[in-house]
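In the form predicted alone, a lone chain appears below as structure tokens.
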């Protein structure tokens, strides 16, 4: 017997729309089974993961802080994936954005005025774009696989950040602990509601970027070009579109947005450059992009859902003594089930009898 996937002549639009909900429900069911297997009450564990973080105001602020970088990165990745350019290195571009943007308050601590934050944001975007341009250049010039090159650059960026935080950019008054000086108020991303505390303007950046790119993708020629080049590069070439320019556009856009998320995280949530500035936002944003159906507005909803797994994992770790690695299990399950549901929507499973080795007609 041989298992085959046969493409359906037509697929259900309704099932395609509800596929993320089905995947999320299956994730909860499998998660409950996992909790039972490790001896934890599934009801209390799922409540700690997905309900408890929504019951306190401070938790909602934390949810917005964690969702903001996920949304910003995922929006850029959605455009890249729709154009058939597979940027897997957003984590590295996030880190480089944080590094480049942090150079201004670290190297020039006396430069504190209204231009400080805008320049930090600009440098952060440029840092992410520069790191994203490397796999784009390698793909267009040497036909290298962008999945491998963008992924390997993540580890280069992580080690570079660790070297900077422990060496050149380390705070001389920090008692030899890794990390830069604390950013002054002029270099700190302000909170949306200072009287209540919590979420900073990174959330505003995330919502603005999502709406802006939704408009570009649905109402402009550039959005049409992205979709055509992603669906059929040959048809795109006949229409006069350039695959090389599209590759650079996809990587510069997604890298720049990852860099924006990086400097927003460093200047807003952390307040200094540390040896680690991301719990894996660049990789989790891949799940956000697919859970949001590669739609910038869908990425907003998906970003909050995945941020909830981060926050819920921390809550469950405290209340139930569960490892924080279970949050990654939930994220991985969600991506796997989203892709599995999509596969069954577009393909049907068929079993066929395999031919015997001696039959060679």
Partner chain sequence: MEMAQNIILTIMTAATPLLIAAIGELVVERSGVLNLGVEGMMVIGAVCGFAAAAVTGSPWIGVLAAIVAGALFSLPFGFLTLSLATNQVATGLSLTLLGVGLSGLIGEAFVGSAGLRLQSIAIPGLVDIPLVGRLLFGQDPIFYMSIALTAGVVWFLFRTRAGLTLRAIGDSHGSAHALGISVIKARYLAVMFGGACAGLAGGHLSLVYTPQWVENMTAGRGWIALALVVFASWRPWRVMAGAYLFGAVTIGQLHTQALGFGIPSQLLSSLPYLATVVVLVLISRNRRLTMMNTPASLGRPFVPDR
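Because the structure is predicted, anything quoted here is derived from the model rather than measured. Positions refer to the first chain, counted from 1. Rigid core: the largest C-alpha set superposing within 1.5 Å between the two forms.
Although it is not shown, the form predicted in complex with its partner chain is what the next lines describe.
> Using a 4.5 Å heavy atom cut-off, are 22, 213 and 278 all in contact with its partner chain in the model of the complex?
No, because 22, 213 and 278 lack any heavy atom that approaches its partner chain to within 4.5 Å in the model of the complex.
> Ok, 119, 231, 269, 138: which has a heavy atom sitting within 4.5 Å of its partner chain in the model of the complex?
Of the candidates 119, 231, 269, 138, 138 is the one lying within 4.5 Å of its partner chain in the model of the complex.
> Using heavy atoms only and a 4.5 Å cut-off, determine which of 204, 186, 152, 130 is in contact with its partner chain in the model of the complex.
The residue in contact is 152.
> Given the stretches 107-115, 174-182, 81-89, 213-221, which is the single one in contact with its partner chain in the model of the complex, using a heavy atom cutoff of 4.5 Å?
In the other structure, the partner sits against 81-89.
> So, in the model of the complex, is residue 274 in contact with its partner chain at a 4.5 angstroms heavy atom limit?
No.
> Answer for residue 332 alone: is it within 4.5 Å of its partner chain in the model of the complex, judged on heavy atom distances?
It does: once its partner chain is placed as it appears in the model of the complex, residue 332 has a heavy atom within 4.5 Å of it.
> Could you tell me if residue 336 has a non-hydrogen atom within 4.5 Å of its partner chain in the model of the complex?
Close contact exists here: in the model of the complex, residue 336 approaches its partner chain to within 4.5 Å, heavy atoms only.
> I'd like to check something about residue 291: if you look in the model of the complex, is any of its heavy atoms closer than or equal to 4.5 Å to a heavy atom of its partner chain?
Judged by the heavy-atom cut-off of 4.5 Å, residue 291 is well away from its partner chain in the model of the complex.
> Go through 150-177 residue by residue and record those having a heavy atom within 4.5 Å of its partner chain in the model of the complex; state none if no residue qualifies.
If the 4.5 Å heavy-atom criterion is applied to its partner chain in the model of the complex, 150-177 yields 151, 152, 155, 156, 159, 162, 163, 166.
> Rigid core fitted, is the C-alpha displacement of residue 344 between this form and the one not shown 2 Å or more?
Yes: residue 344 shifts by at least 2 Å between this form and the one not shown.
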